[in-house]
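Same protein, same chain, two forms; see structure 1 and structure 2 below, as structure tokens.
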Structure 1
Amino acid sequence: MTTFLIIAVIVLIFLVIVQIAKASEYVSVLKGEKVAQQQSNKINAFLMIAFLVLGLIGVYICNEMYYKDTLFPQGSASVQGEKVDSMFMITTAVTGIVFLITQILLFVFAYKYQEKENRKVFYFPHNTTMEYIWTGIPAIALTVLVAIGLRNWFEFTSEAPKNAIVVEITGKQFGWIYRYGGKDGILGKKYYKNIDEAGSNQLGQIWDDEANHDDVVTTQAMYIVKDRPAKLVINSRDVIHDVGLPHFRMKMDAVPGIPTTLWFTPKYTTKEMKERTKNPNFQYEISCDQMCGNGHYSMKGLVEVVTQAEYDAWLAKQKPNYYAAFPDKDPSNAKQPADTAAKSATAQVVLAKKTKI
């Protein structure tokens, strides 16, 4: 029933518009085409000024209503992200000022220079000075903005500090896989043809490379440390993905066969952000910022920012992926030594005799 009413209302609105258009045509015939055109231009000029005023008020109201729901009031959660925020604000200020000036002039000119009786058209074919101004100033402004962007980009993608935590993050349809270098801090070699989901080798690690034997692989969350640089080595296992870190103001493409990198320094732990945002359910998120298939919407990852002590405790609890692929080589699964087993058997016999007595 609701759908029928909506369709009926739409049809009625369409019919009203058609009738108004027909009535306007009849009025034009009665008044004369020239008079009708001038009256129409006058109405349109007034509507443009009204649209300008209402539009600017609407922009202001939307900003007041929705700004608090964006990530900007929280501030950047990384040191490098502060530069991104600064760059964004500068760009918005420059383009915003230009937008306001040009749009106000556009609508004011449409109103002021509407068609009127005895007004002649002013022919203005060329002005070299004005062309220099409206070409040169935007070119200089854009060059400065691009230079700022390139400076920040080169910093984020440069070699990370030596004390950085290295985390490899690999995208696949539709999730993220994280790998840590283990005790030696070195990521082992891998080869895509070695990928074997059933054999606990999601990344194609080469087991002949001993550096792989202590590498930790997880899909739960990416752990990094507050105030310590985190270097991400980014890969893709299938199509192009994009590691989006909105709270840290970072993002980088994940391209099959072409590892990319970026680094940043977290400012707040997850616990501190829960307090800052007054949201007990706050989580740092990883989004895929590149359309990657039907399940793109569900490709969400989590980031846990912790203290160094918490990170060390977490890493100590993780088992290398090598033991998942080769359970028989896991020390915790090793059989008891012969003497220990014999002692256990003797103790059981003694206990049985005592029980009979």
Structure 2
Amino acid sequence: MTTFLIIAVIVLIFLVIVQIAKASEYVSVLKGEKVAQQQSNKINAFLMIAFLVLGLIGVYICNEMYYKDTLFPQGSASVQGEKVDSMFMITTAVTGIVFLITQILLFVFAYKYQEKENRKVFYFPHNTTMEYIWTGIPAIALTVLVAIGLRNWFEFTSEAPKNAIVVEITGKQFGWIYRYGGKDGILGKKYYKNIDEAGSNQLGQIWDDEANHDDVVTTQAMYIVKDRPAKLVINSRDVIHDVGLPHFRMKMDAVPGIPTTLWFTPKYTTKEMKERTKNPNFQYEISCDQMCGNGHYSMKGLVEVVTQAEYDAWLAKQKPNYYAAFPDKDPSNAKQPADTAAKSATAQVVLAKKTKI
């Protein structure tokens, strides 16, 4: 009912506007087209300058209202991100000046040179000097921006420092799986055809590879350490996803079949961030930034930035995924007496199946 009412009102408004528009056309014919055109020209010229003034005020208000909602006031949570922020500010300054100059000239010229009865236009088809100037100035400004940008780009994409924590992160529809190299710090080999969710092998780890036996796999959160570089090895199990880390100003696609990497140095622990942002619910969220299907919007991951001590304690508590796949190999299960021959035989079969490539 209300829907129809709304539609009826809208139609009515339209009819009124159209009638007024038609009437004004008749009036203009009566008045003489020239007079009518001069009048509407004046109105539009005035609106041009009004739009400029109100528009610039609007830009200011918008900034007042929403700057605080961006990530800049809380600062970058990674060392590298500080450079992104400063690049942003420099680029804003440069483009802001150009924006102001050009928009003001556009609307001021429109207003100032509105049609006047005896204005003689200036026949000015070209001027080489002027054209050189406005080719040259943007070229110089852009060179500076490119220079700053590329220096940062090569730094961000360089090899991660040796002391970095290596975490593997794998995207799937619709979630993230994190893997740590365990005690040996080496990520074991994997093959996608070994993936077996029911058999606790969601990454397709190859159990023949010893390096896999201590690897920790979790879907809870990615733990990394404050002030210590974190290197992410990024994979996908199905379609393209993207590890989006807005607080750290980092992002990298997860491409099936083509591992990618990314590294950064976190500056604040999650706890510190809660205080900095005065938001007790603050979380370092990982947003999937590449359309990956109907659940894309829900593909949320978590980063926990902790101190080295907290990290060590956390890692010590984690069980290698190997034991989830082979409970009988788990030393904490081995103590139990009911280790019958039959059970270990099945385990052998399972093992054989899982290691087949």
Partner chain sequence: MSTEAVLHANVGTAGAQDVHHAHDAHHGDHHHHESFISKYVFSMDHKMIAKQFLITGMVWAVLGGLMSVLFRLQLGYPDSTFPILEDLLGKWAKGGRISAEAYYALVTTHGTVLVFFVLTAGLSGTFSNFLIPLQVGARDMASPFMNMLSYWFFFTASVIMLSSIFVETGPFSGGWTAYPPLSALGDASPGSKTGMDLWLVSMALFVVSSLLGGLNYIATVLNMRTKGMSMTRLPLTIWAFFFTAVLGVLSFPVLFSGFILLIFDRHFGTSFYLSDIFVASTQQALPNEGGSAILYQHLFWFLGHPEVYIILLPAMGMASEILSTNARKPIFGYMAMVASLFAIAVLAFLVWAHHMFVTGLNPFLGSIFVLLTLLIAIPSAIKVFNWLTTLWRGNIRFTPGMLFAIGFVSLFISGGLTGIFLGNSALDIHLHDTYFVIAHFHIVMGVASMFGMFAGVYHWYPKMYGRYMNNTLAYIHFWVTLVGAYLIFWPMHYQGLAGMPRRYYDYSVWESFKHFTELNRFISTVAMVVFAVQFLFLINFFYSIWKGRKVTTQNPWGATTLEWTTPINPGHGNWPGEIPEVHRWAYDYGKDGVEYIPQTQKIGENESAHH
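Definition used throughout: the rigid core is the maximal C-alpha set that superposes within 1.5 Å between two forms. For residue numbers, the reference is structure 1: its sequence is counted from 1. Keep in mind the model is a prediction, meaning the values are calculated, not measured.
Colleague: Only one is the form predicted in complex with the partner chain; which?
Modeller: Note: form predicted in complex with the partner chain is structure 2; the other is not.
Colleague: Superposing on the rigid core, I want to see if residue 131 changes position between structure 1 and structure 2 - specifically a Cα shift of 2 Å or more.
Modeller: After core superposition, the C-alpha of residue 131 moves 2 Å or more between structure 1 and structure 2.
Colleague: Once everything's superposed on the core, is residue 258 shifted 2 Å or more at the Cα between structure 1 and structure 2?
Modeller: The answer is no; the displacement is under 2 Å.
Colleague: Using a rigid core alignment, state whether the CA of residue 105 is displaced by 2 Å or more between structure 1 and structure 2.
Modeller: No, the C-alpha moves less than 2 Å.
Colleague: For residue 140, give the CA shift between structure 1 and structure 2 in Å, the superposition being done on the rigid core.
Modeller: After core superposition, the C-alpha of residue 140 moves 3.4 Å between structure 1 and structure 2.
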